[in-house]
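Before any questions on binding or motion, here is one chain by itself as structure tokens, the form predicted on its own.
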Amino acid sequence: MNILTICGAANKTRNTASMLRSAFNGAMSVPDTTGEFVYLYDLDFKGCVGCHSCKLLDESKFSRCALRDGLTPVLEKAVDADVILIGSPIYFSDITGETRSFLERFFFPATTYNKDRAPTYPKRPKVGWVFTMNAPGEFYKDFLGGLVSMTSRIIGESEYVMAYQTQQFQDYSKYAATMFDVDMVKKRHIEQFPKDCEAAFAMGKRLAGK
């Protein structure tokens, strides 16, 4: 079982990375698994440039991203993975730009403009999403559900876990952040976030065990 984990958060030690690491550890707890953890912010790459090379009826180009940059090895590993774990914080009601650019480069070669719109990759990996946000969870359920549904259609069976109303700062008094109920946020971080990480661990283990 080959596990590829994609972290679309800039900070390697905060909420998204910690929760995604729990999912990765859960997957790696399953016997006979190998895995890799990739931080997108460490790579030099761009999103899809709309060249449509991946749609050409040419065996050497079809269903392959023509761009060659820091993301290319990751895309090649993603196509071969059995389980893909992806994590992103939610900024302005969306995933991060780096995560979005990864999805453009990964999703677009996986589809055609044929009538059946059949996925083109040879494998259908399991996909587990990890989302974190400082807003209440119900704010983004429709968006998250739509993204996971699209992932299921294009790549493979998908699910997600999320952490909401997360703690962003150790000392909120140093920031322009008076909208938050700091005591509630800190209490949630102590009491709820470990449970969120446990849920991520369980998701990773479940997906790798299928």
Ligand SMILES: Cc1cc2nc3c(=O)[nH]c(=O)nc-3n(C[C@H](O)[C@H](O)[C@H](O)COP(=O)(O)O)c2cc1C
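Predicted model only: the values in this text are computed from it and were never measured. Residue indices: 1-based, along the sequence shown.
Separately, the form predicted together with the ligand exists; it is not shown, and the next lines address it.
Looking at Pro109, you'd find every heavy atom of it more than 4.5 angstroms from the ligand in the predicted complex.
Residue contact check for Ser53: none of its heavy atoms lie within 4.5 Å of the ligand in the predicted complex. The ligand is not shown here, but in the predicted complex it comes within 4.5 Å of a heavy atom of Asn134. The closest heavy atom approach of Thr166 to the ligand in the predicted complex falls within 4.5 Å. The candidate stretches are 97 to 105, 126 to 134, 113 to 121, 73 to 81, and the one lying within 4.5 Å of the ligand in the predicted complex by heavy atoms is 126 to 134. Residues from 82 to 111 that approach the ligand in the predicted complex with a non-hydrogen atom closer than or equal to 4.5 Å are Pro89, Ile90, Tyr91, Phe92, Ser93, in the order they occur in the chain.
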